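As structure tokens, one chain now follows by itself in the form predicted on its own.
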């Protein structure tokens, strides 16, 4: 079953167009949503959340549309963006008191447990919280009404490694405790190495691929070798290729084919999510001096 189903989605701006013919987000998994800055990730999330209207197409969440069931659907969605939107002059306790009554499934015990665990000072103004505390508080608020869908838009941007690790720990805990779906949009791809089941890559408003993460990583590799090995035939096995004066390096999403083609004449390295994103979307000339 899919938590989100998108069909024929188009949103046009003067200098940018988002076009997603078909996309499904499976229920109960963490789906990473990656791409360059400006690729269309945030626009897609705003469309899903009904913050902007599409030019055409349909988005269904839990099998329903926002137009007909928006209030009901939003009861079951948690959203964490790069900026919280909370009033900086308000205390943490005041934000809680304003937001909690809107949710039918608000879990006060869960909220207090996380507030104490991460030592979020409830009498401090939001603007006085550190970046890590601010983002943790934002996430705690989103999780405390036990959403069926959690949408994260750059949740760890500008955070130190400790704060990033704490956020990832919370997400893993919640995924283990209940059937929640997470759409995790980020350009910090290393987060998804440790917390991700599926991967979506978007570039220039176009969907490049959707694939199970472990399968993608297992079947991909970085190949390095001498430029003499690059011919019209061998060039075709690469998703992305860079040549310099000292040799080539490239991404191959079929590691078995790469080994069959080059044998022991090249070096093979495991590919990371960042490698896959960079080599798939790079737009430089193939030869670099």
Partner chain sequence: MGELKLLIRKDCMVLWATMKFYLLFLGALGALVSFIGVSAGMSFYPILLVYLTCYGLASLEEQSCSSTLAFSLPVDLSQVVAARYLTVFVECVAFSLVFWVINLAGRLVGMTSRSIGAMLLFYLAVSLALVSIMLPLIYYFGVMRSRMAIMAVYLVGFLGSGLLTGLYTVGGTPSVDPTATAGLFHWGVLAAAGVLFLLSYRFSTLVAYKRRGL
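Residue numbers count along the first chain shown, from 1. Keep in mind that what you see is a predicted model, and the values were worked out from it rather than measured.
A second form of this protein, the form predicted together with the partner chain, is not displayed here; the remarks below concern that form.
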* Structure fact -> Exactly one of 111, 86, 118, 198 comes within 4.5 Å of the partner chain in the model of the complex through a heavy atom, and that residue is 86
* Structure fact -> Only hit among 190, 75, 124, 215 for heavy atom within 4.5 Å of the partner chain in the model of the complex is 75
* To do: Mind telling me which stretch in 254-262, 217-225, 46-54, 31-39 gets its heavy atoms within 4.5 Å of the partner chain in the model of the complex?
  => 46-54
* To do: Using a 4.5 Å heavy atom cut-off, state whether residue 138 contacts the partner chain in the model of the complex.
  => yes
* **Any non-hydrogen atom of residue 161 within 4.5 angstroms of the partner chain in the model of the complex** => no
* Could you confirm whether residue 79 comes within 4.5 Å of the partner chain in the model of the complex, counting heavy atoms only? => yes
* To do: Consider residue 98 of the chain shown here, and say whether it contacts the partner chain in the model of the complex, taking contact as heavy atoms within 4.5 Å.
  => yes
* Judged by heavy atoms and a 4.5 Å cut-off, are 11, 94 and 103 together in contact with the partner chain in the model of the complex? -> yes
* Can you name the residues of 148-163 that have a non-hydrogen atom within 4.5 angstroms of the partner chain in the model of the complex? -> none
